[in-house]
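The chain below stands alone, shown as structure tokens; this is the form predicted alone.
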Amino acid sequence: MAAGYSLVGWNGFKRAYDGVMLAGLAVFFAAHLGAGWMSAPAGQQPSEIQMLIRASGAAAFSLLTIILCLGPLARLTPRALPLVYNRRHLGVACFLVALLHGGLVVLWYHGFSEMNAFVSLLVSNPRYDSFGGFPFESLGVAALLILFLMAATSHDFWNTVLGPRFWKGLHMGVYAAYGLLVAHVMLGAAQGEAGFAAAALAGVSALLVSGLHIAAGQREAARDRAAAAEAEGWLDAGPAQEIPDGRAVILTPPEGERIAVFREGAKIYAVANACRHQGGPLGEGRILDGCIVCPWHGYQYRPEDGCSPPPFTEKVATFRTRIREGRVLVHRLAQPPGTELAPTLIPEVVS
């Protein structure tokens, strides 16, 4: 590594991270091998190499599942961010365990073939047009090649040489590798090379990874929409359905006075939060008989125009509202006190 790069920039956290990873792998292998040995009928235990093949395959798949879960978890909760810090070491470990799995498969099932063992692996089953007999081994080989490319280019040196965009695109191949491995396990189970439990766990893992990515994507999309709305002067007051009927939520803008966002049935209103009498918090009051009632001294204001009913003359500012994807947006610019605005209707309640 010329250009001032070191192979690994070790620190205490990285050593602890890798120590936990290696200990976890050791426990996983021990538990998998022990369970496989004890669950087999007496006298029908598989050979040590067969058990190691299954354990290494399960470990590699589990590691890759964990790796793909860390990204969306870190977007959903900051508590997961430390786990992303050394994620590339998990990726390299995943490749090495997968390489062990592939090497043992070639050695055990094709090592004694008359032709080259790797050639034998690829040509021993040419039924690519059959679902039931599809050579699932080729899917594993393709996934292993992708993991190799990712492990070989995981260092920051290659990020600089290849460029961030190309490097990122290359490493997005992890999703293709994961899809190939899910299919590898599923087809192996269909052809009797893996048990139903392995196929079920692979399916559940794929659903978990997909679910976390969908949840993280939805949250980021909501944040992007809120940021775009705020850039246009709109503030997010939260889900419309979560505002109690006849009550309000209090919105605090970056600048200016607080805003009380009321719901009356299917109608949404927004008025200045401070009562004109003694500055009481209107947002802590409620709507009674069509008027907002201040909790301090009972002063009343019509929610549609912020005016007190006659003969009283107090007025508070009103704010424009709208609903987007179920969330209430309030424009930060106040209308002059007494300005009448039509309420925003909650579609779900109206229907």
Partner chain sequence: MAQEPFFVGWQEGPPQISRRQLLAAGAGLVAGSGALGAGLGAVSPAPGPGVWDQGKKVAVTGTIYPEPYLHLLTEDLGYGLRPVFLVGPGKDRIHVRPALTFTGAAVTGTLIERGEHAMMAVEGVYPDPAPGRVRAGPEKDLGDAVLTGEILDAKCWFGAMRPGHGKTHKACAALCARGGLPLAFAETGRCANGKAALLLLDERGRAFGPQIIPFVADAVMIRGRIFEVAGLRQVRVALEDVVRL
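The model shown is predicted, which means the values in this text are computed figures rather than measured ones. Residue numbers count along the first chain shown, from 1. Take the two forms, find the largest set of C-alpha atoms that superpose within 1.5 Å, and that set is the rigid core.
Omitted here: the form predicted in complex with its partner chain. The next part is about that form.
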| item | value |
| --- | --- |
| Single option in I323, V293, L68, L52 placed near its partner chain in the model of the complex, where near means a heavy atom within 4.5 Å | V293 |
| Listed range touching its partner chain, judged in the model of the complex by heavy atoms within 4.5 Å, from 105-113, 251-259, 233-241, 212-220 | 105-113 |
| 4.5 Å heavy atom contact, A317 and its partner chain in the model of the complex | no |
| 4.5 Å heavy atom contact, R286 to its partner chain in the model of the complex | yes |
| Partner contact for Y85 in the model of the complex: its partner chain, 4.5 angstroms, heavy atom | yes |
| Close approach of Q278 to its partner chain in the model of the complex, 4.5 Å, heavy atom | no |
| Partner contacts in the model of the complex for 156-190 (non-hydrogen atom within 4.5 angstroms of its partner chain) | L187, G188, A189 |
| Large Cα shift (2 Å or above) at C291 between this form and the one not shown, core-fitted | yes |
| Displaced residue check between this form and the one not shown: K168, CA, 2 Å or over, core reference | no |
| Large Cα shift (2 Å or above) at C275 between this form and the one not shown, core-fitted | yes |
| Closer or farther in the model of the complex, the Cα atoms of I243 and R75, when the shift from this form is 3 Å or more | closer |
